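Consider the single chain below, provided in structure tokens and representing the form predicted on its own.
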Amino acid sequence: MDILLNLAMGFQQVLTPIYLLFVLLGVGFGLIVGALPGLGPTAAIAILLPLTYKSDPVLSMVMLTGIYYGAMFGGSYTSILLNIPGESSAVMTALEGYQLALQGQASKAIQMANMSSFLGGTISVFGLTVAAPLLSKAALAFGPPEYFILMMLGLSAIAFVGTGSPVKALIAGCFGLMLGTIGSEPITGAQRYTFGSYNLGDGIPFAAVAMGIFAIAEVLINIEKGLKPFSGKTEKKMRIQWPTKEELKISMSPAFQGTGIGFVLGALPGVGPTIASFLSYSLAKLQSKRPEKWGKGAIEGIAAVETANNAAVGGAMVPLLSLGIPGSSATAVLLGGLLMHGLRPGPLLFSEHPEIPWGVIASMYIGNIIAIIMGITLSVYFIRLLKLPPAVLNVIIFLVTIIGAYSINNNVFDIWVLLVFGVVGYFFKKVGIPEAPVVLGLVLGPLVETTFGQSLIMSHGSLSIFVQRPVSLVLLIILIIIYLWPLIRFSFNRLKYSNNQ
């Protein structure tokens, strides 16, 4: 009953013209930021944070939070239309969405992304409303051993995120893991494979690698084909195209599964939407009854990814508001915003300043509705990108990725990384090596190394720590089952075949 009363108070506050305007501004800016490669919600929130210093704290948090989940919506647009992931969590959306765009179904892919984002975002806000205290306690049960096994679960996705030969997917994943070793060693701080370059001290810039291996490689392929950047079909009349009933039916299970994965992983500090989207995609592909369609335009893959990365937003707000622990880089900046206004997130925030957490939660319900309306309305105009002349579109893709790579760190070195990995991505496309496992290995490799080292420090070098803790033991059993699943399935099918003879 207290929850309903507090939520009603939040809606009463937010459903006023000034608050609705700030929600609209935040979501709209977030959609644009999400669609532009490189910037991302974290940088956008950080840029606008000083402007909110003298404003009402609830108005500030409502707008900044709107940027966060609005960017999750917008990240899918350029992924689907141009094969440029606007957000790192949208890499897997590009894998399926761009293939649908090549088949003349760009609008359908975007509407599936919009609906999935709304579903994942709304359910996660409901979870934030009801289960915040419980999930916050569960998040505290995760230490380095649990995170290590969780990251290893994420690495198991390498075999599933690629298309074609599993061997080539493993080659790409190992290449990504090797890239992840460049920079400072996480435990001792020793420099590795930097060759004296201070630019590599923090490792290979992830965004530059992702944009290069996907977008620049696509431009090079298009130039090779004779400046034909969009080799697929385009509709004569630009209109909204919706998924069919059958497509919605097969997407329901991956969507709800992705929502659960995204919300739970989002509530774990440091995990975030990128890992949630990779894991959701791989599990959905593993369970699919038509695995041959994946990598060629499986619309249920978009549902799995977009629900996961949007649900992770609501999940990340759980430890922020309940414990004052940021669950992602974006919520770390939001934490700074609260501290800037003299507020300390945690249990006392709900009792001493209830208008802030409940105002933010209520605004997220409204903001998701605004986001899907804006997304559906603007999708027709985004699709018109495909009608641009080939040379113009190639130049736009090239310039957007160059600006995006430079804007992150204001460093020309990132542009060189972008171009180098554009050539690497071109080579991968020519020999049939999938790009997504490279990104997965680069993201998870340093996290695996860090959490493994921290676990051994905790146990004084003993590996028994992974089986002595209940949560890590359960995750370890799940990990073993997943890694042995192909063998288990082969043995089961062979036994079933023998019994039928």
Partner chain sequence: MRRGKISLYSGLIALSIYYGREALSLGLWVGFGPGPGLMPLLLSIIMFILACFLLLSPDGLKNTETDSFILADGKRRLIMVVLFLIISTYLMDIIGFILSTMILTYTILQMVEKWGMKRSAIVAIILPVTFWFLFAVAFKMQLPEGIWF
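On a predicted model such as this, the values are computed, not experimentally measured, just so you know. Positions refer to the first chain, counted from 1.
One more form of this protein exists, namely the form predicted in complex with its partner chain; it is left out here, but the text below deals with it.
In the predicted bound form, no heavy atom of D56 sits within 4.5 Å of its partner chain.
Its partner chain is not drawn, but in the predicted bound form it has a heavy atom within 4.5 Å of G445. Taking the partner from the other structure, its partner chain in the predicted bound form has a heavy atom within 4.5 Å of a heavy atom of L399. With a 4.5 Å cutoff on heavy atoms, L102 does not count as touching its partner chain in the predicted bound form; it lies far away. Using a 4.5 Å cut-off to its partner chain in the predicted bound form, not one of L5, K289 and P354 places a heavy atom inside that distance. In summary, the region of this chain contacting its partner chain in the predicted bound form, judged by heavy atoms within 4.5 Å and restricted to 413-421, 92-100, 299-307, 72-80, corresponds to 413-421. Although its partner chain is not shown here, in the predicted bound form the stretch 463-485 places no heavy atom of any residue within 4.5 Å of it.
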